[in-house]
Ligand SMILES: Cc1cc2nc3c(=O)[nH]c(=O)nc-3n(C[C@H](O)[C@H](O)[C@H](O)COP(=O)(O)O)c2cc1C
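A single chain, nothing else alongside it, follows as structure tokens in the form predicted alone.
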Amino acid sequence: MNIRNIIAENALAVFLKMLPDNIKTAWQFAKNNARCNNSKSESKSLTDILMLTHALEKAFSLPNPRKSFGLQKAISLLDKTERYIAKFGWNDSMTVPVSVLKEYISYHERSSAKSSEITTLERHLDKIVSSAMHSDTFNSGGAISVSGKDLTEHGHGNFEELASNRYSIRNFSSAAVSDEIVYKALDIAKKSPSACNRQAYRVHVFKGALKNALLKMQGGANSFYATADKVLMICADANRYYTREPRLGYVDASLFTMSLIYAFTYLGVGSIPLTLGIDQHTLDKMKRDFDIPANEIPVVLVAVGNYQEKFEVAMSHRNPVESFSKFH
């Protein structure tokens, strides 16, 4: 091997080659991410509202929401919504957070758990609604009741029916999901496209105490992790990518994950994707604790379990196509 090839394969040389592009990418992201100049940007301010809206809404689908759950989140959501409207004016993007807040208040009224704080919340929300001066009924947030039987039937319909009736599940039954079903879902998902057919996705399946420990470390499933039967970690194998492709593994693993979730839906199994957007220290510890090879990049977790007979799911309103597309 000549000296040029030796240098080309050296980790330090590869790192230095990647550095300029990665510095530029990091700088562009730093300027444009939701945290930088948040209060001055309508879009970035809306991100805070969307995050709080989801955090509050998903609680409606948990196994046993406690009385006055999410009160501080509700107060913060109302405050950010008021400030957004004062600065940028009312627009349709406010309909869902207002709907979720109204459902939050209604939930506590139905549960006879309406505190003085929630009464104050309602008074401020009524001012927002009256100042909006339009006829929206604000029913785009909260939870809806579904049945396992119906979801299974929808899963066997055409693809549009399957996709339209897929929900993130946070309240599973106690019935186990067999290893054979998991294998079948993985077998269906393997047809997912990947860059140059490199098939760089890697999957680790955990159950029992390991499943619980992994979900607790992830942190986003603390209210329901015990009801999930298994959790799958989808990784990308860095060995399959070159210097200019540090983010391509996330694309391949994500494509595979969506196929996997649809496969579980088709097979009558509930699932929920859980982000691994956590700090590097925790991610490194996760890899050590759960024996993930150094060359594998954890991308996302998918918790799975069987449907209950009847249960609640978050409504999770979707915006119209014209809100996120541009035909050139």
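Just count from 1 along the sequence shown to find any residue number. Note that the structure is a prediction, hence the values are computed from the model and not measured.
Only in words, not in the display: the form predicted together with the named molecule, which the text now covers.
Student: Can you tell me whether residue 17 touches the named molecule? I mean in the model of the complex, with a 4.5 angstroms heavy atom cut-off.
Tutor: No, residue 17 sits far enough from the named molecule in the model of the complex that none of its heavy atoms falls within 4.5 Å.
Student: So in the model of the complex, does any heavy atom of residue 318 sit within 4.5 Å of the named molecule?
Tutor: Residue 318 belongs to the contact set for the named molecule.
Student: Using heavy atoms and a 4.5 Å limit, would one call residue 54 a contact residue for the named molecule in the model of the complex?
Tutor: Residue 54: yes, in contact with the named molecule in the model of the complex.
Student: Using heavy atoms and a 4.5 Å limit, would one call residue 32 a contact residue for the named molecule in the model of the complex?
Tutor: Taking the distances in the model of the complex, the answer for residue 32 is no, it never comes within 4.5 Å of the named molecule.
Student: Looking in the model of the complex, is the named molecule within 4.5 angstroms of a heavy atom from every one of 66, 70 and 107?
Tutor: No: none of 66, 70 and 107 comes within 4.5 Å of the named molecule in the model of the complex.
Student: Which pick from 269, 272, 260, 297 sits with a heavy atom within 4.5 Å of the named molecule in the model of the complex?
Tutor: Residue within 4.5 Å of the partner: 272.
Student: Given a 4.5 Å cut-off on heavy atoms, tell me which of 234 to 242, 165 to 173, 152 to 160, 73 to 81 is the interface stretch with the named molecule in the model of the complex.
Tutor: Looking at the partner contacts, the answer comes out as 165 to 173.
Student: Though the partner is not shown here, which residues of 205 to 227 have a heavy atom within 4.5 Å of the named molecule in the model of the complex?
Tutor: Going through 205 to 227 in order - heavy atoms within 4.5 Å of the named molecule in the model of the complex - the hits are 218, 220, 224.
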